[in-house]
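Heads up, the chain below is alone and in the form predicted alone; it's given as C-alpha coordinates.
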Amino acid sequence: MPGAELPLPLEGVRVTDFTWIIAGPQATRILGDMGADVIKVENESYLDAVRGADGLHNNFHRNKRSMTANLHHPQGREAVERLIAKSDVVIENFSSGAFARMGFPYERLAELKPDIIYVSLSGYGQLGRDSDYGTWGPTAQGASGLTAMSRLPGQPPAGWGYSYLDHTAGFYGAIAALMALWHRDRTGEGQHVDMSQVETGMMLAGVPMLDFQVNGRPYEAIGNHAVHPAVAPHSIYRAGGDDRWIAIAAEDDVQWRALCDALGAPALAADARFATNAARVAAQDALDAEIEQRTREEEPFALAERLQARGVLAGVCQTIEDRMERDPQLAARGFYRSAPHPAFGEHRFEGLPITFSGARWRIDRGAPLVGEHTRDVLRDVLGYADAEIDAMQAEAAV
(Lines give C-alpha, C1' and ligand atoms only; values in the text may rest on other atoms or scores of the structure.)
Protein backbone atom coordinates (compact mmCIF):
# COMPACT_ATOMS: atom_id res chain seq x y z
CA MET A 1 0.00 0.00 0.00
CA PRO A 2 1.43 3.44 -0.90
CA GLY A 3 2.65 5.32 2.14
CA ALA A 4 2.73 2.21 4.35
CA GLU A 5 6.06 3.39 5.79
CA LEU A 6 4.49 6.63 7.07
CA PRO A 7 3.60 6.93 10.77
CA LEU A 8 0.09 6.64 12.19
CA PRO A 9 -0.93 9.89 13.95
CA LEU A 10 -2.35 8.17 17.06
CA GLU A 11 0.13 5.34 17.39
CA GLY A 12 0.80 4.80 21.10
CA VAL A 13 -2.61 6.13 22.18
CA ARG A 14 -4.85 3.60 23.95
CA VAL A 15 -8.66 3.92 23.93
CA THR A 16 -10.95 1.90 26.19
CA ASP A 17 -14.14 1.57 24.19
CA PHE A 18 -17.49 1.00 25.92
CA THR A 19 -19.49 2.14 22.89
CA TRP A 20 -22.30 0.37 21.08
CA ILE A 21 -24.74 0.70 18.15
CA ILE A 22 -23.32 3.42 15.80
CA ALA A 23 -22.60 6.87 17.26
CA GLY A 24 -19.89 5.82 19.72
CA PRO A 25 -18.36 3.12 17.50
CA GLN A 26 -18.07 5.67 14.68
CA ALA A 27 -15.93 7.86 16.95
CA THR A 28 -13.66 5.04 18.11
CA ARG A 29 -13.41 3.68 14.57
CA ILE A 30 -11.87 6.96 13.43
CA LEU A 31 -9.39 6.86 16.30
CA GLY A 32 -8.52 3.25 15.45
CA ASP A 33 -8.06 4.10 11.77
CA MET A 34 -5.59 6.79 12.87
CA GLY A 35 -3.54 4.20 14.75
CA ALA A 36 -4.91 4.18 18.30
CA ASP A 37 -5.07 0.85 20.11
CA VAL A 38 -8.84 0.67 20.60
CA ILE A 39 -9.92 -2.06 23.03
CA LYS A 40 -13.64 -2.74 22.97
CA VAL A 41 -14.87 -3.97 26.36
CA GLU A 42 -17.78 -6.38 25.96
CA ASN A 43 -19.99 -8.54 28.14
CA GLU A 44 -21.16 -11.76 26.51
CA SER A 45 -24.51 -11.47 28.31
CA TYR A 46 -25.18 -7.96 26.93
CA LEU A 47 -23.67 -7.84 23.46
CA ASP A 48 -23.85 -4.85 21.18
CA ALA A 49 -27.08 -5.17 19.16
CA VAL A 50 -25.15 -4.32 15.99
CA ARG A 51 -23.19 -7.57 16.32
CA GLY A 52 -26.27 -9.17 14.77
CA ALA A 53 -25.72 -7.10 11.62
CA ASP A 54 -22.42 -8.63 10.60
CA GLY A 55 -21.47 -6.21 7.83
CA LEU A 56 -22.34 -3.14 9.88
CA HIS A 57 -20.47 -4.39 12.93
CA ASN A 58 -17.47 -5.40 10.85
CA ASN A 59 -17.29 -1.91 9.41
CA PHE A 60 -17.65 0.07 12.62
CA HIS A 61 -15.30 -2.06 14.70
CA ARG A 62 -12.46 -2.60 12.25
CA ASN A 63 -8.95 -2.16 13.62
CA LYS A 64 -10.20 -2.75 17.18
CA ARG A 65 -9.52 -5.44 19.75
CA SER A 66 -12.22 -7.14 21.84
CA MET A 67 -11.91 -7.98 25.52
CA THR A 68 -14.76 -9.52 27.51
CA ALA A 69 -15.26 -8.62 31.15
CA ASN A 70 -17.96 -9.21 33.74
CA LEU A 71 -18.34 -6.04 35.82
CA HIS A 72 -20.46 -7.95 38.35
CA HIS A 73 -17.43 -10.09 39.25
CA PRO A 74 -14.76 -8.42 41.42
CA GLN A 75 -11.92 -9.71 39.24
CA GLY A 76 -13.69 -8.64 36.05
CA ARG A 77 -14.17 -5.13 37.45
CA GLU A 78 -10.56 -5.06 38.61
CA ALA A 79 -9.37 -5.96 35.11
CA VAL A 80 -11.43 -3.16 33.56
CA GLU A 81 -10.13 -0.66 36.11
CA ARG A 82 -6.56 -1.72 35.37
CA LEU A 83 -7.26 -1.23 31.66
CA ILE A 84 -8.64 2.27 32.28
CA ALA A 85 -5.55 3.09 34.33
CA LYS A 86 -3.40 2.22 31.31
CA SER A 87 -5.55 4.13 28.79
CA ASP A 88 -5.51 7.65 27.43
CA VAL A 89 -9.17 7.88 26.46
CA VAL A 90 -12.38 6.24 27.67
CA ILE A 91 -15.47 6.60 25.46
CA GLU A 92 -19.05 5.48 26.03
CA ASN A 93 -22.38 6.38 24.46
CA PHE A 94 -24.84 5.02 27.00
CA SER A 95 -27.80 7.06 28.19
CA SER A 96 -26.92 9.93 30.47
CA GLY A 97 -25.69 8.74 33.86
CA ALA A 98 -25.64 5.04 32.95
CA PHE A 99 -21.86 4.72 33.07
CA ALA A 100 -21.77 6.40 36.48
CA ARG A 101 -24.41 3.97 37.74
CA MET A 102 -22.13 1.16 36.56
CA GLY A 103 -19.56 2.53 38.99
CA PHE A 104 -17.58 4.73 36.59
CA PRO A 105 -18.32 8.41 37.11
CA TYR A 106 -15.61 10.77 35.90
CA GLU A 107 -14.34 11.14 39.46
CA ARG A 108 -13.66 7.39 39.65
CA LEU A 109 -11.94 7.38 36.25
CA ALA A 110 -9.72 10.27 37.37
CA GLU A 111 -8.77 8.29 40.49
CA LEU A 112 -7.66 5.43 38.27
CA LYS A 113 -5.82 7.72 35.81
CA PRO A 114 -5.52 11.40 36.84
CA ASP A 115 -5.04 12.65 33.25
CA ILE A 116 -7.72 10.40 31.71
CA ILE A 117 -9.88 11.80 28.92
CA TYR A 118 -13.47 10.65 29.31
CA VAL A 119 -15.86 11.22 26.40
CA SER A 120 -19.53 10.60 27.13
CA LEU A 121 -21.76 10.82 24.07
CA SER A 122 -25.45 10.74 25.00
CA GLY A 123 -28.61 11.94 23.31
CA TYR A 124 -29.04 15.25 25.13
CA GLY A 125 -25.83 15.45 27.15
CA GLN A 126 -25.41 15.13 30.90
CA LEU A 127 -27.16 18.40 31.84
CA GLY A 128 -30.61 19.89 31.40
CA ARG A 129 -34.27 18.93 31.52
CA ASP A 130 -34.02 16.29 28.80
CA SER A 131 -30.71 14.73 29.83
CA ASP A 132 -32.41 11.51 30.96
CA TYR A 133 -33.93 10.92 27.53
CA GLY A 134 -32.34 8.41 25.18
CA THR A 135 -32.11 8.91 21.42
CA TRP A 136 -31.44 7.11 18.19
CA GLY A 137 -30.25 8.84 15.05
CA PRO A 138 -33.77 9.35 13.60
CA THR A 139 -35.23 10.70 16.86
CA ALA A 140 -32.27 13.03 17.35
CA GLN A 141 -32.76 14.26 13.79
CA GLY A 142 -36.38 15.07 14.59
CA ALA A 143 -35.51 16.88 17.83
CA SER A 144 -32.78 18.91 16.12
CA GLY A 145 -35.16 20.17 13.42
CA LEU A 146 -33.43 18.39 10.55
CA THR A 147 -36.36 16.07 9.79
CA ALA A 148 -38.72 19.01 9.31
CA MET A 149 -36.27 20.49 6.81
CA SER A 150 -36.10 17.30 4.76
CA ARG A 151 -39.18 17.61 2.57
CA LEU A 152 -40.47 18.71 -0.78
CA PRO A 153 -42.68 21.80 -1.15
CA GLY A 154 -46.22 21.07 -0.05
CA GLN A 155 -45.28 17.66 1.34
CA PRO A 156 -44.89 16.44 4.94
CA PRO A 157 -41.40 15.89 6.37
CA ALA A 158 -39.76 12.86 4.81
CA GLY A 159 -36.74 12.51 7.08
CA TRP A 160 -33.40 11.29 5.83
CA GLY A 161 -34.11 7.59 5.65
CA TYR A 162 -30.88 6.86 7.50
CA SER A 163 -29.34 7.57 10.90
CA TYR A 164 -27.04 10.36 9.80
CA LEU A 165 -26.89 11.92 13.25
CA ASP A 166 -25.43 8.69 14.61
CA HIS A 167 -22.52 9.23 12.23
CA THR A 168 -22.35 12.99 12.78
CA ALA A 169 -22.21 12.50 16.55
CA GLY A 170 -19.41 9.99 16.01
CA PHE A 171 -17.41 12.47 13.93
CA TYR A 172 -17.75 15.11 16.64
CA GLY A 173 -16.87 12.53 19.28
CA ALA A 174 -13.59 11.77 17.50
CA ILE A 175 -12.85 15.49 17.14
CA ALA A 176 -13.56 16.05 20.83
CA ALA A 177 -11.21 13.23 21.84
CA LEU A 178 -8.46 14.62 19.61
CA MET A 179 -8.88 18.14 21.01
CA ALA A 180 -8.76 16.78 24.56
CA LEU A 181 -5.58 14.85 23.73
CA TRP A 182 -4.04 18.01 22.30
CA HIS A 183 -5.01 19.93 25.45
CA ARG A 184 -3.51 17.22 27.65
CA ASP A 185 -0.26 17.28 25.68
CA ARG A 186 0.00 21.03 26.34
CA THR A 187 -1.14 21.11 29.98
CA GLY A 188 -0.96 17.57 31.36
CA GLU A 189 -4.66 17.79 32.25
CA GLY A 190 -7.33 15.22 31.47
CA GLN A 191 -11.01 16.11 31.35
CA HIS A 192 -14.60 14.97 30.95
CA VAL A 193 -16.04 15.73 27.51
CA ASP A 194 -19.85 15.86 27.60
CA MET A 195 -21.43 15.58 24.13
CA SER A 196 -25.03 15.82 22.95
CA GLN A 197 -26.09 13.93 19.85
CA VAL A 198 -29.07 16.25 19.33
CA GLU A 199 -26.81 19.31 19.39
CA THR A 200 -24.63 17.88 16.64
CA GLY A 201 -27.73 18.12 14.45
CA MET A 202 -28.10 21.79 15.28
CA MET A 203 -24.74 22.40 13.61
CA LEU A 204 -26.11 21.09 10.31
CA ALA A 205 -28.93 23.66 10.34
CA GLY A 206 -26.61 26.66 10.60
CA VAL A 207 -27.58 28.40 7.36
CA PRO A 208 -31.38 28.35 7.94
CA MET A 209 -30.84 29.45 11.55
CA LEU A 210 -28.70 32.37 10.41
CA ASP A 211 -31.26 33.30 7.75
CA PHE A 212 -33.98 33.40 10.39
CA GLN A 213 -31.93 35.48 12.83
CA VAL A 214 -30.61 38.00 10.31
CA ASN A 215 -33.39 38.19 7.74
CA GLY A 216 -36.41 37.02 9.72
CA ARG A 217 -37.15 34.36 7.11
CA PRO A 218 -38.54 31.04 8.39
CA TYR A 219 -37.29 27.93 6.66
CA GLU A 220 -39.05 27.10 3.41
CA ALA A 221 -38.98 23.70 1.74
CA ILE A 222 -37.45 24.02 -1.71
CA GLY A 223 -36.65 20.43 -2.61
CA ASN A 224 -33.81 20.33 -5.12
CA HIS A 225 -34.26 23.90 -6.32
CA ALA A 226 -31.95 26.78 -5.40
CA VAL A 227 -32.99 29.98 -3.63
CA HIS A 228 -29.87 31.87 -2.53
CA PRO A 229 -28.92 32.51 -5.28
CA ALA A 230 -32.01 31.55 -7.28
CA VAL A 231 -30.87 29.78 -10.44
CA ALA A 232 -32.61 27.37 -12.79
CA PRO A 233 -32.37 24.66 -13.86
CA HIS A 234 -31.20 23.26 -10.53
CA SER A 235 -32.52 19.77 -9.78
CA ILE A 236 -32.17 16.04 -10.40
CA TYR A 237 -33.58 14.36 -13.48
CA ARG A 238 -34.28 10.82 -14.57
CA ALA A 239 -31.64 9.47 -16.92
CA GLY A 240 -31.35 6.01 -18.42
CA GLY A 241 -34.24 4.45 -16.50
CA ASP A 242 -36.90 5.05 -13.91
CA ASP A 243 -34.48 4.86 -10.97
CA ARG A 244 -31.34 6.43 -12.42
CA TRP A 245 -30.81 10.13 -11.90
CA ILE A 246 -28.49 12.97 -12.83
CA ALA A 247 -28.05 16.28 -11.02
CA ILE A 248 -27.82 19.34 -13.29
CA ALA A 249 -27.43 23.03 -12.53
CA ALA A 250 -26.99 25.99 -14.89
CA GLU A 251 -25.82 29.13 -13.13
CA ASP A 252 -26.13 31.57 -16.00
CA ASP A 253 -27.26 31.97 -19.60
CA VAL A 254 -23.98 30.63 -21.00
CA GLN A 255 -24.39 27.36 -19.11
CA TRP A 256 -28.08 27.24 -20.05
CA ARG A 257 -27.27 27.45 -23.76
CA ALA A 258 -24.52 24.85 -23.34
CA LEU A 259 -27.02 22.54 -21.64
CA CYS A 260 -29.51 22.90 -24.49
CA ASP A 261 -26.72 22.25 -26.98
CA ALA A 262 -25.59 19.09 -25.15
CA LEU A 263 -29.18 17.83 -25.10
CA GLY A 264 -29.62 18.59 -28.81
CA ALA A 265 -32.55 20.84 -27.94
CA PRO A 266 -32.37 24.11 -29.91
CA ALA A 267 -36.13 24.58 -29.50
CA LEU A 268 -35.67 24.59 -25.74
CA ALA A 269 -32.99 27.26 -25.99
CA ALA A 270 -35.33 29.37 -28.12
CA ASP A 271 -38.37 28.94 -25.85
CA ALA A 272 -39.40 32.40 -24.58
CA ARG A 273 -40.47 30.93 -21.24
CA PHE A 274 -36.83 30.21 -20.46
CA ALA A 275 -35.09 33.16 -22.09
CA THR A 276 -33.51 34.50 -18.87
CA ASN A 277 -32.56 33.06 -15.51
CA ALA A 278 -35.38 34.99 -13.84
CA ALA A 279 -37.85 33.51 -16.32
CA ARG A 280 -36.47 30.02 -15.80
CA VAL A 281 -36.80 30.36 -12.02
CA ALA A 282 -40.41 31.54 -12.38
CA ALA A 283 -41.25 28.58 -14.62
CA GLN A 284 -38.92 25.95 -13.22
CA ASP A 285 -41.54 23.22 -12.77
CA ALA A 286 -42.27 23.38 -16.49
CA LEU A 287 -38.55 23.70 -17.17
CA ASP A 288 -37.77 20.57 -15.14
CA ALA A 289 -40.38 18.62 -17.08
CA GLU A 290 -38.89 19.72 -20.40
CA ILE A 291 -35.37 18.78 -19.34
CA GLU A 292 -36.36 15.41 -17.92
CA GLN A 293 -38.23 14.56 -21.12
CA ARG A 294 -34.84 14.73 -22.82
CA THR A 295 -32.54 13.32 -20.11
CA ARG A 296 -34.52 10.17 -19.35
CA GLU A 297 -33.43 8.58 -22.64
CA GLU A 298 -29.76 9.31 -21.94
CA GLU A 299 -27.16 7.08 -20.30
CA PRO A 300 -26.40 9.08 -17.13
CA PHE A 301 -22.60 8.81 -17.07
CA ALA A 302 -22.22 9.65 -20.75
CA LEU A 303 -24.55 12.61 -20.34
CA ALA A 304 -22.68 13.87 -17.28
CA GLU A 305 -19.38 13.78 -19.15
CA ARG A 306 -20.92 15.56 -22.15
CA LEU A 307 -22.33 18.30 -19.95
CA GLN A 308 -19.13 18.71 -17.94
CA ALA A 309 -17.15 19.06 -21.15
CA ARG A 310 -19.36 22.03 -22.03
CA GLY A 311 -18.95 23.67 -18.64
CA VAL A 312 -22.33 22.63 -17.25
CA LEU A 313 -22.50 21.48 -13.62
CA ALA A 314 -23.60 17.84 -13.70
CA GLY A 315 -23.09 14.64 -11.77
CA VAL A 316 -24.67 11.19 -11.72
CA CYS A 317 -26.59 10.28 -8.57
CA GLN A 318 -24.43 7.24 -7.94
CA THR A 319 -25.55 3.95 -6.47
CA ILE A 320 -23.39 1.93 -4.08
CA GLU A 321 -22.33 -0.25 -7.00
CA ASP A 322 -21.35 2.84 -9.00
CA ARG A 323 -19.18 4.16 -6.19
CA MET A 324 -17.49 0.88 -5.38
CA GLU A 325 -17.06 -0.64 -8.82
CA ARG A 326 -16.78 2.12 -11.39
CA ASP A 327 -15.85 5.44 -9.79
CA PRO A 328 -12.31 6.19 -11.05
CA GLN A 329 -11.84 9.11 -8.65
CA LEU A 330 -12.39 6.99 -5.54
CA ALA A 331 -10.22 4.26 -7.03
CA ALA A 332 -7.41 6.74 -7.68
CA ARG A 333 -7.50 7.88 -4.06
CA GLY A 334 -7.60 4.33 -2.70
CA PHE A 335 -10.78 5.10 -0.78
CA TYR A 336 -12.00 1.48 -0.61
CA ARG A 337 -9.52 -0.83 1.03
CA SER A 338 -9.60 -4.52 1.85
CA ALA A 339 -8.81 -6.18 5.15
CA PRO A 340 -9.24 -9.69 6.56
CA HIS A 341 -11.88 -10.81 9.04
CA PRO A 342 -11.42 -14.04 11.01
CA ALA A 343 -14.84 -15.37 9.96
CA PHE A 344 -15.81 -13.49 6.77
CA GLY A 345 -12.45 -13.47 5.04
CA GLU A 346 -11.34 -10.51 2.94
CA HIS A 347 -13.77 -7.59 3.03
CA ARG A 348 -13.82 -4.09 1.55
CA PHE A 349 -14.35 -1.00 3.71
CA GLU A 350 -14.90 2.65 3.00
CA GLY A 351 -11.88 4.62 4.07
CA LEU A 352 -11.24 8.07 5.48
CA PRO A 353 -11.57 11.14 3.24
CA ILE A 354 -8.11 12.31 4.26
CA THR A 355 -4.66 12.07 2.72
CA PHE A 356 -1.65 13.18 4.78
CA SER A 357 1.69 14.09 3.24
CA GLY A 358 3.55 12.97 6.36
CA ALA A 359 1.26 10.39 7.95
CA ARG A 360 -1.30 7.73 7.06
CA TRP A 361 -4.46 5.99 8.18
CA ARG A 362 -5.01 2.26 8.11
CA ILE A 363 -7.47 -0.56 7.73
CA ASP A 364 -5.47 -3.54 8.94
CA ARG A 365 -8.24 -5.93 9.97
CA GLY A 366 -11.98 -6.28 10.29
CA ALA A 367 -13.94 -6.32 13.51
CA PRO A 368 -12.82 -8.71 16.26
CA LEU A 369 -14.76 -11.76 17.36
CA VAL A 370 -16.29 -11.54 20.83
CA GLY A 371 -13.42 -11.67 23.31
CA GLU A 372 -10.91 -12.47 20.58
CA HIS A 373 -8.16 -10.50 22.32
CA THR A 374 -9.10 -10.99 25.97
CA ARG A 375 -6.06 -13.07 26.81
CA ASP A 376 -3.70 -10.83 24.85
CA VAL A 377 -4.96 -7.70 26.62
CA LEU A 378 -4.93 -9.28 30.07
CA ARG A 379 -1.44 -10.70 29.62
CA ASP A 380 0.37 -8.15 27.45
CA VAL A 381 -1.29 -4.90 28.53
CA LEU A 382 -2.41 -5.58 32.09
CA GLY A 383 0.31 -7.99 33.20
CA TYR A 384 -1.79 -10.99 34.28
CA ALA A 385 -0.11 -14.40 34.22
CA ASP A 386 -1.64 -17.15 32.09
CA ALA A 387 -2.64 -19.09 35.20
CA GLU A 388 -4.47 -16.05 36.56
CA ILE A 389 -6.27 -15.61 33.24
CA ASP A 390 -7.31 -19.28 33.23
CA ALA A 391 -8.76 -18.88 36.73
CA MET A 392 -10.59 -15.69 35.78
CA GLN A 393 -12.10 -17.34 32.72
CA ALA A 394 -13.12 -20.37 34.75
CA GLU A 395 -15.05 -18.07 37.10
CA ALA A 396 -16.61 -16.10 34.23
CA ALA A 397 -14.87 -12.94 35.41
CA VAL A 398 -13.68 -12.33 31.86
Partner chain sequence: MAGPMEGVRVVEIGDLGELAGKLLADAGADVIRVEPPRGARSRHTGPFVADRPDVDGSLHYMALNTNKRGVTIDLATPAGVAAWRTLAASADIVIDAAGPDVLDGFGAGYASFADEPRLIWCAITPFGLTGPLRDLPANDLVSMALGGIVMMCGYDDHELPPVRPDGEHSLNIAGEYAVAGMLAALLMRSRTGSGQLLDVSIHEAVAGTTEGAFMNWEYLGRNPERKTGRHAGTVEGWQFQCADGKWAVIFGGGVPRDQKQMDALLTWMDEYDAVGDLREPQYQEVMYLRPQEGGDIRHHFVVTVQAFMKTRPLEEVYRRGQACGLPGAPVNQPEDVLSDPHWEDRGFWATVEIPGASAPARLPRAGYRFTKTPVEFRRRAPLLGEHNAEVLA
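Nothing here was measured: the structure is a model prediction, and the numbers come from that model. Heads up, when I say rigid core I mean the largest set of C-alphas that superpose within 1.5 Å between the two forms. Residue numbers count along the first chain shown, from 1.
Not pictured, yet referred to below: the form predicted together with its partner chain.
query: Quick one: of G241, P105, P74, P208, which gets a non-hydrogen atom within 4.5 angstroms of its partner chain in the predicted bound form?
result: The residue from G241, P105, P74, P208 that makes the contact is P208.
message: Give me the residue from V198, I291, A232, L109 that has a heavy atom within 4.5 Å of its partner chain in the predicted bound form.
response: The option sitting close enough to the partner is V198.
field: 4.5 Å heavy atom contact, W245 and its partner chain in the predicted bound form
entry: Contact with its partner chain, yes.
query: With the partner left out of view, is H167 within 4.5 angstroms of its partner chain in the predicted bound form by any non-hydrogen atom?
result: Yes, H167 lies within 4.5 Å of its partner chain in the predicted bound form.
message: Considering non-hydrogen atoms and a 4.5 Å limit, does its partner chain approach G190 in the predicted bound form?
response: Taking the distances in the predicted bound form, the answer for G190 is yes, it comes within 4.5 Å of its partner chain.
field: Contact label in the predicted bound form: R65 to its partner chain, heavy atom within 4.5 Å
entry: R65: no, not in contact with its partner chain in the predicted bound form.
- prompt: Using a 4.5 Å heavy atom cut-off, which stretch among 275-283, 80-88, 260-268, 130-138 contacts its partner chain in the predicted bound form?
  reply: The contacting stretch is 130-138.
message: Suppose contact means any heavy atom within 4.5 Å; which members of 220-237 contact its partner chain in the predicted bound form?
response: The stretch 220-237, when checked against its partner chain in the predicted bound form, contributes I222, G223, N224, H225, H228, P229, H234, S235, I236 at the 4.5 Å heavy-atom cut-off.
- prompt: Any chance the CA of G188 moves 2 angstroms or more between this form and the one not shown, core superposed?
  reply: No, the C-alpha position differs by under 2 Å between this form and the one not shown.
query: Comparing between this form and the one not shown on the rigid core: C-alpha of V214 shifted by 2 Å or more?
result: Indeed, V214 is displaced by 2 Å or more.
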